[in-house]
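Taking the form predicted alone, here's one chain by itself in C-alpha cells.
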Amino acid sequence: MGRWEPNARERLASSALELFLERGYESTTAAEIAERAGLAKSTFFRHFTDKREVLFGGQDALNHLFGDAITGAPDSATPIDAVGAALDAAATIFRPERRAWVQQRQAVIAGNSDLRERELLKRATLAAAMADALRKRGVTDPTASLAAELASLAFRNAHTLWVGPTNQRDFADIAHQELHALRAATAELD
C-alpha cells in the first residue's frame, strides 16, 4: 500500500493490532506500526497520541453515544429504560463485522496489566458519563449512579459474551439480557 492511499487511521489500527498479537504490545513501537501500514511515523501521531490509543481511542465517541441515547430517550422512560437505550446505541458500534477485531483487541488487553488498568478507567468514565446523562434527565442520586453502574456492568458482561468464540447473537440482545438479569438480581438484595 502506498502512503497516499486513504484510510490511514484504519490501516494504522489494523497494523498495530497485527503487531501487538505477533510481537506483544510492549515490544511494538509506533514507528513499526507506521512502517507496517506503509505510512510515516508522523502520520501515526496525527491519528493517535500513543499506541494505547489504538486500542482505546474511541472512548469519547462511546461516552457521547451513550450519553446522547440516554438524554434522547422518551420522557416516559425509566432510568433503566434510558440506559437500555444506551446499550441499544452501543450495538451500532459492536456490529458482527467488527467482532474479530474486538476479539483480537481483547486478547491484547488481557495480556497486559497496564492495558487492563486503562480499560477499567475507561469503563469508570463511561459509567460517569451515563450517570451525568441520567442527571440531565432529572434522575437524582443514588438512582442515577446505580442505574449507570448497572448499565456499565451489563455492558461489560455483554461485551465479554459477545466476543466469546461460540457467540452468534447480536450485541443488543446480549446487553438487554444482561441488564434484565442484573435488574432482577437487585430484587434479591432485600
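Since we're looking at a predicted model, the values are computed, not measured. In this text, the rigid core denotes the largest set of C-alpha atoms whose superposition between the two forms falls within 1.5 Å. Heads up: residue numbers just count along the shown sequence, starting at 1.
The following text describes the form predicted in complex with a further copy of the same chain, which does not appear among the structures shown.
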Proximity to a further copy of the same chain in the predicted complex, single hit among V54, A133, L39, L150 (heavy atom within 4.5 Å): L150
Full three-residue contact with a further copy of the same chain in the predicted complex, heavy atom 4.5 Å, for E117, L121 and L146: yes
In the predicted complex, I80 touching a further copy of the same chain (heavy atom, 4.5 Å): yes
Interface membership of L182, a further copy of the same chain in the predicted complex, 4.5 Å heavy atom rule: yes
is_contact(G164, a further copy of the same chain) in the predicted complex, heavy atom dist at most 4.5 Å: no
Contact of G58 with a further copy of the same chain in the predicted complex (heavy atom, 4.5 Å): no
Partner-proximal stretch of 63-71, 22-30, 40-48, 135-143 relative to a further copy of the same chain in the predicted complex, 4.5 angstroms, heavy atom: 135-143
Per-residue C-alpha change between the shown form and the other one, R52, threshold 2 Å, rigid core fit: yes
